[in-house]
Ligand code: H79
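For reference, the chain that follows is the form predicted alone, supplied as structure tokens.
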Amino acid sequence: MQAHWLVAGLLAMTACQSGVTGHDSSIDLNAPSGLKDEGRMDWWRDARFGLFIHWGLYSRLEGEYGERNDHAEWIRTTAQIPLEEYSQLQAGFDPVHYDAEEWCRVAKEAGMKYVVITTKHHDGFCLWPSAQTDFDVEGTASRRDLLGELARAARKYDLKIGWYHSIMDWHHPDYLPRRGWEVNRSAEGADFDRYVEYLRAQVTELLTDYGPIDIMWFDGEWESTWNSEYGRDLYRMCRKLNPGIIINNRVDNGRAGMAGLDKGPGYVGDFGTPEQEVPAGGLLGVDWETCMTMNRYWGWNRADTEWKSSAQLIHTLVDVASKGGNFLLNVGPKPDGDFPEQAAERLKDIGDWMEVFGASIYGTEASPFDAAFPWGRATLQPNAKEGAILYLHVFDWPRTPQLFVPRLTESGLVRAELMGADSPYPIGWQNLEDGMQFFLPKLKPHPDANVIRLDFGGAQPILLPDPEAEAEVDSEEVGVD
């Protein structure tokens, strides 16, 4: 990942470009995203929730170098560690507690549907035995194929598997540019095209040695040496090796900063990648996924105490789903392979919530309302067997046992109930001139977020016109600035 700092605000951007009409040379790199793409994206759109894992040599340092303890996965650059010194970490990498099945069990019980792990981060170290380099697990005390173990475990637990792979590589002699502080590391004789062949060879290994891989998640594409032609060729190669794979937009160089979507049309990639933030509004026709840490860093930092609460993470998951996106939540395992206790606790809390309310997340679409509610969010299942279902996610339980939903009408509404662990609790409603009122129990059932399920028979929810939108149109018609 790029450095951990959060960038405020969503840039104004258009839909990222991708899609296909066939395989091999018939891949249409200019087809707009949002197409069914031969069904490739269907499972991903239904999943909504996945696990990100940042793990590598940097984990051994636990965020500490010299007198500072504010490093993580970028430590080789942020602490300016010479290549020769950093490479010495390789031999002692021995994750004796690494249990891929335990990782996948925890992810499954958290309600996650897919796992994406860093096969190689920017430091260049590979978590699998690569035939292209010695800077891999073969040169460690462990000598285990960590990716192979995870791929097998993911399939055992019915999780989709994805590979994060860094385009940037601070170890390879042909990667350019050098870090600005590497004044003693010459770039003489370096050949970036030769590095690109190395990159393609490693990606080929990842997509041919472990069975069908579901996601390629690229990163580190923002430096000037990587161009759109390289990205389009790499996208095409991945699709040729695995026609059903999903590839993020960081394979190309069109990403507009941390907000994660593309600067304009013409770039490849199947979904956008907002980082550490959630778009302010829904993005109609655009596939996107917010990736976010539970704490401050992506990789393990022993001194980090800035952990988001379970409630915050549940609210973020709901917020993302209410805007039609996916949520990729990160864990940075310890060097021995254990998940941090703080992460395990939060995943358990999220899983307990998802066990009760997961139907309001999986397979849903963005809220039909233009804006978020002051009390929570909404998601929609428009094609449910019994008709459309609108889910109201209540973060802030009203002091009076009444919940007002502006613009919603009772047209087609056949049932309203509060979802719960034991049995649904039926609730009454009242149709008002400017929306609907629902009558809730006085006590808040779940401490973090509750869900009201509204069943609309064979119909779709009908909303009253948005008075604010109408006012804007009227102002434009009369020429008001």
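Worth saying up front: this structure is predicted, and the values here are computed from it rather than measured. Each residue number is its position in the shown sequence, starting from 1.
Omitted from view is the form predicted together with the named molecule, to which the following refers.
Interface residue among Arg239, Arg346, Arg377, His122, judged by heavy atoms within 4.5 Å of the named molecule in the predicted complex: His122.
In summary, among the residues Phe49, Phe52, Phe438, Phe456, the only one with a non-hydrogen atom within 4.5 Å of the named molecule in the predicted complex is Phe52. Comment: 71 to 79 is the region of 89 to 97, 130 to 138, 280 to 288, 71 to 79 lying near the named molecule in the predicted complex, near meaning a non-hydrogen atom within 4.5 Å. Taken together, the three residues Glu149, Trp163 and Leu206 all stay farther than 4.5 Å from the named molecule in the predicted complex, as judged by their closest heavy atom. Put simply, Pro243 is far from the named molecule in the predicted complex: not one heavy atom of it is within 4.5 Å. Among heavy atoms of Glu275, some come within 4.5 Å of the named molecule in the predicted complex. With a 4.5 Å cutoff on heavy atoms, Asp219 counts as touching the named molecule in the predicted complex.
Among residues of the shown chain, Gly257 is one whose heavy atoms approach the named molecule to within 4.5 Å in the predicted complex.
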